[in-house]
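Presented below, as structure tokens, is a lone chain in the form predicted on its own.
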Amino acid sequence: MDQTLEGLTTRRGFVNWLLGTSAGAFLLSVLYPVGRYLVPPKVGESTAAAVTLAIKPDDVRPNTGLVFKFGSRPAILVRSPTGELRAFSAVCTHLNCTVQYRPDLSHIWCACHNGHFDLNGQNIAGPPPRPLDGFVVNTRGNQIVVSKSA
């Protein structure tokens, strides 16, 4: 009788340990991905000071815009109706949405909250609090090089 009671206690202890470990593993398997989602990994800012675009200057028609990657963020290259190339950060200064060029309006537009920027990057309508960050555009032969302003 003494031996049977000892075996029951050992089995009960084992089952309790197994259930406790399973519950703990389940909680960890749920909470770990949620924690990784809520706290994203740190990503260093790109140190790219210049980008050479894969498009030729003659391929950019007047009154058009092209969004491209400048380091880790989007940027926009615009050829004005008069033919001048300009580049700006494509991140709206209101809520960080990506802006686009509207040829029908001849200016840069943010679709999120109807923000408008002229071809100098100045905010002209809507909620954006400040102008777009500007970049320097140089054409070197058959290449377009966009760099941060000094």
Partner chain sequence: MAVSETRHGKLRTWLDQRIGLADLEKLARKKQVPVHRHGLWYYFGGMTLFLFVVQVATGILLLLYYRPSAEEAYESIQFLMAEVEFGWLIRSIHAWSANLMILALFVHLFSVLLLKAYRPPREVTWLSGMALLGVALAFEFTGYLLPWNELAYFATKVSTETTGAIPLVGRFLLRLLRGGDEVTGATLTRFYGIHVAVLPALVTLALGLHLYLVHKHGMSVPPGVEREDAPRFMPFVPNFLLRDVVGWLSAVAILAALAAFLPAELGKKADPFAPAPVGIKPEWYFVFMFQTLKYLPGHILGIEGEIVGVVGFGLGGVLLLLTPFLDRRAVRGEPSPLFTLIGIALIVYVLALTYLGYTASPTK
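So that the term is clear: the rigid core is the largest set of C-alpha atoms that superpose within 1.5 Å between two forms. Here the structure is a predicted model, which means the values were calculated and not measured. Residue numbers count along the first chain shown, from 1.
Heads up, the form predicted in complex with the partner chain isn't pictured, but that's what we're talking about next.
- In summary, the region of this chain contacting the partner chain in the predicted bound form, judged by heavy atoms within 4.5 Å and restricted to 95-103, 80-88, 51-59, 23-31, corresponds to 95-103.
- Residue contact with the partner chain in the predicted bound form: G126 places a heavy atom within 4.5 Å of it.
- Looking at N120, you'd find every heavy atom of it more than 4.5 angstroms from the partner chain in the predicted bound form.
- Contact annotation: T64 falls outside 4.5 Å of the partner chain in the predicted bound form, judged by heavy atom distances.
- In the predicted bound form, no heavy atom of R140 sits within 4.5 Å of the partner chain.
- Residues V67, F68, K69, S72, R73, P74 are the ones in 56-84 with at least one heavy atom within 4.5 Å of the partner chain in the predicted bound form, listed in sequence order.
- When the rigid core is held fixed, the Cα atom of R61 travels less than 2 angstroms between this form and the one not shown.
- With the core held fixed, G83 shows a CA shift below 2 Å between this form and the one not shown.
- For L105, the Cα coordinates differ by under 2 angstroms between this form and the one not shown after the core has been superposed.
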